[in-house]
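Read the single chain below, which is given as structure tokens and is the form predicted on its own.
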Amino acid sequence: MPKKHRFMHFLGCIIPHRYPSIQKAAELVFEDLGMDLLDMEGATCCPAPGVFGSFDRVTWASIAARNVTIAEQANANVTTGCNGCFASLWDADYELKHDEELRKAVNESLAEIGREFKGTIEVTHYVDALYSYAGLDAIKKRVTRPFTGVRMALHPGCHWMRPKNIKKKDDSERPHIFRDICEAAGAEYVPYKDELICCGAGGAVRTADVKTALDFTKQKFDSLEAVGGADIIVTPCPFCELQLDLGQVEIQKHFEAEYHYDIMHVVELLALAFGHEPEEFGLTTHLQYQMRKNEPNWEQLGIEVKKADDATVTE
């Protein structure tokens, strides 16, 4: 029997706190495909490159490198299901492998806690692991419940492919890898004009000005509506998933526009296609799923709820 591919599983912040269904779906899918996900004990925030890296490059790289050294000690590659976490860990790993001065400064910091960045492993995204390690043929063979007749739009997000000149994961202007994986689930791919623009949440825009962030999200939805809409939107990033899922409620509040799209992560899509039930990995915790049943878990999604005249008002 061939040796399994082993990955240290970097969860980041949003997956365990907002969408733990992604973690469980990933565990099911990777196991079905004969790949091991190992608990990354002691991992911290990635940290967010646009925030930490903008103020202090060495501190950002040191925190990211500390996470990478956990995988180096286990002699296993890292994989993550978050575009932002991937960007931070991959960028730091790349820069430390190519910038001796930065590597020296970072290792001086890491030496204080008995660690050293050696550059011996690879940082991957779930998309990399699924496409390059498992392979499309293996994915297609595992599909027992194809999404036949389902219209599927995609949102690849920004940070997995870019900057393309050094990441070389896919052509960021004409990507196909993420689409190939999703189409393996059997759904009908629906192209739309704004597929490749930002969801609106990145770069701390959502934190600074949620309405500006929602402008991007609404533009994507309107672009999709212009081609007849879709049944589901699939993304490889939990922050994008949050923006597209919760954003539909926020858009209704800020713009009085209404959309009804089921949003899911690529591993959630594959878990369903592989025959797993929604309750098995927690797809039922998604806001749009709950709203159809009139049972939204606002607290889980970090939304303040006030009761007024027997009406629920969210802020």
Partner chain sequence: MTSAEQEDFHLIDEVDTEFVDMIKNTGGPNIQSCYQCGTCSGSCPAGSRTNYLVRGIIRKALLGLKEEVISGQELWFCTTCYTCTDRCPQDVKPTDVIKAIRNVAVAEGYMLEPHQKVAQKVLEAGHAVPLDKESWEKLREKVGLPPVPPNASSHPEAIEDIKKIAKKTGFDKLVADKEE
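Computed from a predicted model, the values in this text were never measured in an experiment. Positions refer to the first chain, counted from 1.
In what follows, reference is made to the form predicted in complex with the partner chain, a form of this protein that is not presented.
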item	value
In the model of the complex, the one of Leu154, Ala230, Ala184, Cys198 near the partner chain [non-hydrogen atom within 4.5 angstroms]	Cys198
Selected contact from Ile263, Ala273, Ala43, Leu33, since only one has a non-hydrogen atom within 4.5 angstroms of the partner chain in the model of the complex	Ala43
Triplet Thr59, Ser109 and Gln290 all within 4.5 Å of the partner chain in the model of the complex via a heavy atom	yes
Contact test in the model of the complex: Val249 vs the partner chain, heavy atoms, 4.5 Å	no
Partner contact for Tyr192 in the model of the complex: the partner chain, 4.5 angstroms, heavy atom	no
Gly203, heavy atom within 4.5 angstroms of the partner chain in the model of the complex	yes
In the model of the complex, Asp209 touching the partner chain (heavy atom, 4.5 Å)	yes
Which of 184-192, 221-229, 165-173, 135-143 lines the interface with the partner chain in the model of the complex (heavy atom within 4.5 Å)	165-173
The partner chain in the model of the complex - contacting residues of 51-66, heavy atom within 4.5 Å	Val51, Phe52, Gly53, Ser54, Phe55, Asp56, Arg57, Val58, Thr59, Ser62, Ile63, Arg66
